[in-house]
Every structure is written in C-alpha cells, then in structure tokens.
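Listed next as structure tokens is one chain, alone, in the form predicted on its own.
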Amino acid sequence: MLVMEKTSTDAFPSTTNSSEKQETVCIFGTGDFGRSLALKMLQCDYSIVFGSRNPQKSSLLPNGAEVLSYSEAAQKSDIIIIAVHREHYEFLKELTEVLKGKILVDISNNLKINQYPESNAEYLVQLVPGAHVVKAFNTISAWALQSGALDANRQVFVCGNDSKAKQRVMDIVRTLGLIPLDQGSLMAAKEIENYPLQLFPMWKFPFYLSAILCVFFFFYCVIRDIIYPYVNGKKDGTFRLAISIPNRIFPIAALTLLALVYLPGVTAAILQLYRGTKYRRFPDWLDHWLLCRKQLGLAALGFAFLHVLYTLVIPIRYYVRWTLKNRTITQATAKTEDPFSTSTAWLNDSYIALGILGFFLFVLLGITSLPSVSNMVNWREFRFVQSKLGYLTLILCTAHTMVYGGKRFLSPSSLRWYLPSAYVIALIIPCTVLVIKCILMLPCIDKTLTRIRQGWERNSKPTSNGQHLKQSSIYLDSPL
C-alpha cells in the first residue's frame, strides 16, 4: 500500500494491449447490472472476480467469473466496481483497510432526483476515505450492455478527484467499446446521478405547449362546428370529432409551433437592439425557449405528418362519399351542373401546391436536425437549411393556410357567434413573426444588429468580471 501511495505513474498502470490478457476487475454485487457488466468485460478479455455476501448461493453468473467474499475479492484487484445500492454501502466500512488505495467505481443511481444531500459517490468517499472514488457507468443500462449499446447509449459520464484513477476507468470504458466523457471532479457526480432520472427534460415545454394548443382549438372547433349547428338548426355533427376536427387542430398546431420556433430568435434580436450589446444574459424564460426550439420544431413536424395522413383519408370517409353521391343524384335529377370556376381551380391547386412544398421543406428541416445528418454538413450549410429554408417553410405554410381560406377568409358569413374560423386565429403568430423578421431585414436595422453580434456595443463601458456573457448569432439562428 505504501508503494502505491508514493509512486506517481506506476500507481495506476494503464491497461494492457488488446492482444494481451486484460487486468482483473472486481465487482461487488451480483445483480443484473453487475452480471451484464461482467459479461461484457469477459468478452473483452478481462478477468472478473465477484464479491458477494453469500458466495455459495450466487447463481446466474457468467462463465469464467470467480465468486468470493467481499474481503477476498477486494484483494484480487485494485479496481473495484460497486454494483450495489447506496442503502447497502454500510458493509464497506468493515473493509476500509482492504480498500485503502483501491479505485472504487460507483455506478449507483437513486429513485428520485436529489434524493440525498450529497451524491452517492461523495457519500462513498466519506465511508472509505482511503480509496479513490470514480463515478461511472450509471448512465448505461444492463439491457444496453447485453444487446450492444448504440448512439447515445454508448456515452459514459465519468468524474473523479484523482486524475490517474479516472483515467484507468476511462481506459476500461474505451476497451468495452463505449465513449467516456470526462465531467471533471466528483462535484459533478450529483448531476450525473440525476441525469438518468430526467424524463425528456427539454420536451416538457413543447409537450405542455402542444397540449394547451390542442385543447384550446379542440373546444374552439367544437363550439363552432358542433354546438353552433345544433343550437341553430338541430344538426348532429358529433361525427366530426373523429376526423374533421382533428384535421383542423393538427395543421393549426403545426403552423403555430413552427412559428414559435422562430419567434424567440426575433425576440432576442429585438432585445439585443434595445440593449445595444450581446454581452448580457437573456431572461431565463427566453433562454429556455431558445434551447427548446429543436423539440418545438420536431413536435410541429409530427403534427404536420398527422395532418397529411388525415387529409389522405378524406376521400374514403362515409360523409364525403354520401355528399358526393347525393349531389350527383340531385344534379342528374334536376339536369343541372356546377359551372367550372377557373379562379376556384387556381385557389385549390395553389393551396395544395403550397402545402406540398411546405411539407417537403418541413421534412427537410427535421432530417437535418438528426445528429447523423447534421454531422455531415458544415456550419454554414446547417445554418442555411435551418434559418433560410426554415423561414421559407414558415412562409409557404402560412400562405398555404391563407389560400385555404380563399374568398371566405374574412367573410362575415364565416363567423359563428362572432367567432372566426380557427385557421384565422392560427395565422396571428406566424404573420407576426414574418412581419418582425422583414423589419429586422431592413438594411439600416440589419447593419446595426450585425455589428452588435460582432461585438460592437452602443455604450462600451467596461463592466465587472462575469457580466460579459456572450449571446452569439449562432445561438439565435439555428433553431433545429
């Protein structure tokens, strides 16, 4: 032990080459994760020894692994993976002398965020003060280890106060085919432990906003299309709840959410113009909004897909087929026909064409937001697609909605209880965003905004350290 404490590079020797037999690793705990991790290590030529409170009763362990008592297993290796829950850490106090100078890898998680005052790894330091504690592997599941981790499942957050111990663990992570991400000292352990407990943290705002939009427009359409006809003419339109009303809600939600992707960018630009500097933090609500734009855009794309699918089934609906059949019979009986209207045909074809083009660009925005695609383009190309083509998508979708309204867009006959059609309300936010963007593109305003984003300040007085916090144009112009 004294030799280990006094040496520097020899204290924690690096792992051997892949062609040679790897070192021995000890695992305390024979649960699902401990067994999965051991199996993965055995496949990578590590020697595994399990530490168990009941070595004779341990079963279902991978072939080639040895099972001993905690004390005996700890003496077999200087790297010990603690695969037990925090509530059972107390037994480690009895092994303080045996674990002195060892590398203890804490892989535990809690049942809820911030369950304890300190992280599990920091608590482990208090129990075994002579050991080198490293936090790792808690973001990887047993299923991912058994089935072959892919993409984000390959990332392993690692933190620890001893750089050499941390490097040893990161070497093991790489050998297992995973990607270690150094998060610094053990102060980061609590954040790492909270990470697996977060359920789509960046999706909460888009989810709640989408739910509010859908609920609002659902009741709005029910009032206009079901309650109003029943009150005024005793017409039962409840069948519209299945297809017609959802097919009004989905495009409205898609257009509104798409506009809300670009609204925080223009809002931030106005704020920078007002302040005359980019070196001041945005309000927390705006900062969070800016960070959620990718999720808002993907939610909008999801609603657009639903709108397309619902639109495709319109010709096979019973109500549509019944209406067409009755109209045909009525015209045949009366020997009349509807005259062809060129203007109506233009409006209808333009409405469909704008919708197709808008949806195509919508899908393109969604595809380029995927990491596998965005990593293949440079920043200028990514910014062009997400910003320039993004605004073009918003223009096409807004025009698609306007042309859909056609001649009845602002007609008084379309009002029901003084309520306009739902798509009229849906145009408020997109039109506002586009008008503001056009104003910001005016040469006199755009020149000033560009200078501010390049570092120019209207009042270039020095401020105290920590007050200059950069808000770059890159952060503002790449929503997805």
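Heads up, when I say rigid core I mean the largest set of C-alphas that superpose within 1.5 Å between the two forms. One rule holds for the numbers: they count along the sequence shown, beginning at 1. Note that the coordinates shown come from a computational prediction; the quantities given were computed from them, not determined experimentally.
Form predicted in complex with a small molecule: not shown, discussed below.
Participant: May I ask whether 252, 397 and 404 each come within 4.5 Å of the small molecule in the model of the complex, counting any non-hydrogen atom?
Facilitator: Every residue of the candidate spot has a heavy atom within 4.5 Å of the small molecule in the model of the complex.
Participant: Which of 299-307, 184-192, 156-164, 332-340 has heavy atoms within 4.5 Å of the small molecule in the model of the complex?
Facilitator: Single hit among the candidates: 299-307.
Participant: If the cut-off is 4.5 angstroms on heavy atoms, which of these, 352, 320, 373, 223, is the one near the small molecule in the model of the complex?
Facilitator: Comparing distances to the small molecule in the model of the complex, the residue within 4.5 Å is 352.
Participant: Check whether residue 75 has any heavy atom within 4.5 Å of a heavy atom of the small molecule in the model of the complex, and answer yes or no.
Facilitator: Flag for residue 75 set to no.
Participant: Quick check on residue 210: any heavy atom within 4.5 Å of the small molecule in the model of the complex?
Facilitator: Contact check for residue 210: no, nothing within 4.5 Å of the small molecule in the model of the complex.
Participant: Could you tell me if residue 46 has a non-hydrogen atom within 4.5 Å of the small molecule in the model of the complex?
Facilitator: Residue-level check for residue 46: no, no contact with the small molecule.
Participant: Check whether residue 311 has any heavy atom within 4.5 Å of a heavy atom of the small molecule in the model of the complex, and answer yes or no.
Facilitator: Result yes; residue 311 sits at the interface with the small molecule in the model of the complex.
Participant: Given a core-based superposition, decide whether the C-alpha of residue 167 shifts by 2 Å or more between this form and the one not shown.
Facilitator: Stays below the 2 Å threshold, so no.
Participant: When you overlay the rigid core, is the Cα of residue 348 off by 2 Å or more between this form and the one not shown?
Facilitator: Yes, the C-alpha moves 2 Å or more.
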